[in-house]
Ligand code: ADP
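Consider the single chain below, provided in structure tokens and representing the form predicted alone.
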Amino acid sequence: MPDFGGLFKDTPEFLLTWLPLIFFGLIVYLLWRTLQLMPRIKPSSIEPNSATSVTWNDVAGVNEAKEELQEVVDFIRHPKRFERLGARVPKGILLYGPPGTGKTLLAKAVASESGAAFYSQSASAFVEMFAGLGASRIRRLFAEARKSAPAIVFIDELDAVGAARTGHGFNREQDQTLNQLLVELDGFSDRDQVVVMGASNRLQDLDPALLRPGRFDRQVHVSPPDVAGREQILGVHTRGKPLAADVDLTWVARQTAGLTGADLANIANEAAIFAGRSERQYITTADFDAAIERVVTGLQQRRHVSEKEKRILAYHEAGHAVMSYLMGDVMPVHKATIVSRGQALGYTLNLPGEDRYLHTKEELVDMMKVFLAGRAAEFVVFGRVTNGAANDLERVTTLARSMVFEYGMSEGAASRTMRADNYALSEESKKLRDLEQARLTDEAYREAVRLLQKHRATLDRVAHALLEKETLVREELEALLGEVGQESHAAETVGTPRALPLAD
């Protein structure tokens, strides 16, 4: 045996023979113990979920989705009514939409209303490091569900296990788990009465094999509620809460355009907390105002700001407020303050008065002017700008990018999209895309500067009021801005995004 330069010349011969074998045996033992101690699905962990007391009365603001799912409830309750006509229960129902819109709540309501056993699992529970374990978990889950039929299997965050396969074999465990899920969806007989419900925020990332008919037969979009839906949701979440006579849930619903059911539940809870903190017996409109501000803009911060910085902040927020008023109903201003909240040293809160889904190019340009008005005010008054407009610039960049890349709202490419993921675009098209995006933002900034120079007296008046009071609400701002003529180019209004705080 080689002596490796005399390194092992004093080592006993039996150690040189047996030490590698002992080391190898130790590795084998550790791997065996690891496999023995790995978490596995036990029968108790996949028993029917008992937390299914949710009924249709607890679900509001998603009427279209409820109508779709009511058919599943009827089928499970009265299967013979459909079977005699040759109909079969849908094997899979996919609920997709933004976070917080009520997908899990809908699944619980379906299980409760139908009387079916409810098995709820997160897709991440099937993701394992060792190949075969995720597939084994899925087989056991579906076997238990078949024993308890009629049953509903609910898989939350489906994209964690159902993401599109790349075909490169980089993640064999995930592919095996997905393949097993596909097999289980195909393996039901028509009389199994096991319905699979999945929820995902990322429909575009799911494997196409999951979405074909025969697997997830129905795809139900659960969107943020409209104003009527928001009022219904607020009614559900204020049930049992003592409301003052001045509380108008219709008004609260109109102030929360674009918010989801989870946001509204949070607002109702925060309003109750504000009322309790003040030792009131009832929840008032002021509590809902504070709750909306808390949810939309964040927690109020106690930061020491110098007088010089406070003056810059006042003019910055005054610029947003004046421009919001000049642009008309595109982004109506609700409040302006130089009190820091969240990560913002100050902010202007814009709350649309109605739900809107479509925008003209002129409206979007007017929005960019409002976003850039804070930086424009700094330039008009102080001749230089600060780093306080970082959030504004990010919003403007995102909006201009969408206008050029997706909406076809640029002069050079008005009849086609120029998406960032389109690798077929030529270098000339990419250059045109970037130039059009820069042109939109630069022209909006120049126009914001021009308008604020024209209305400098009004800008000073609002800024001085902010320095004096620190916070101005809608009525105070309208009194200060009442003499200013509106100059919006967006004559026709056809749509508005969610509540937009201008956090700088």
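Just so it is clear, the model here is predicted, and its values are computed rather than measured. Numbering starts at 1 and runs along the sequence shown.
Quick note: we don't show the form predicted in complex with adenosine-5'-diphosphate, though the next part is all about it.
- For the chain shown alone, G102 is a contact residue for adenosine-5'-diphosphate in the predicted complex, at least one non-hydrogen atom being within 4.5 angstroms.
- None of the heavy atoms of V295 is located within 4.5 Å of adenosine-5'-diphosphate in the predicted complex.
- Proximity of G261 to adenosine-5'-diphosphate in the predicted complex: non-hydrogen atoms within 4.5 Å are present.
- adenosine-5'-diphosphate in the predicted complex comes within 4.5 Å of a heavy atom belonging to V62.
- The contact residue chosen from E478, D460, E67, D58 relative to adenosine-5'-diphosphate in the predicted complex is D58, the criterion being a non-hydrogen atom within 4.5 angstroms.
- Checked against adenosine-5'-diphosphate in the predicted complex, the residues I267, L313, A111, I233 give one hit for a heavy atom within 4.5 Å, which is I233.
- Residue heavy atoms within 4.5 Å of adenosine-5'-diphosphate in the predicted complex occur in exactly one stretch of 385-393, 274-282, 103-111, 402-410, and that stretch is 103-111.
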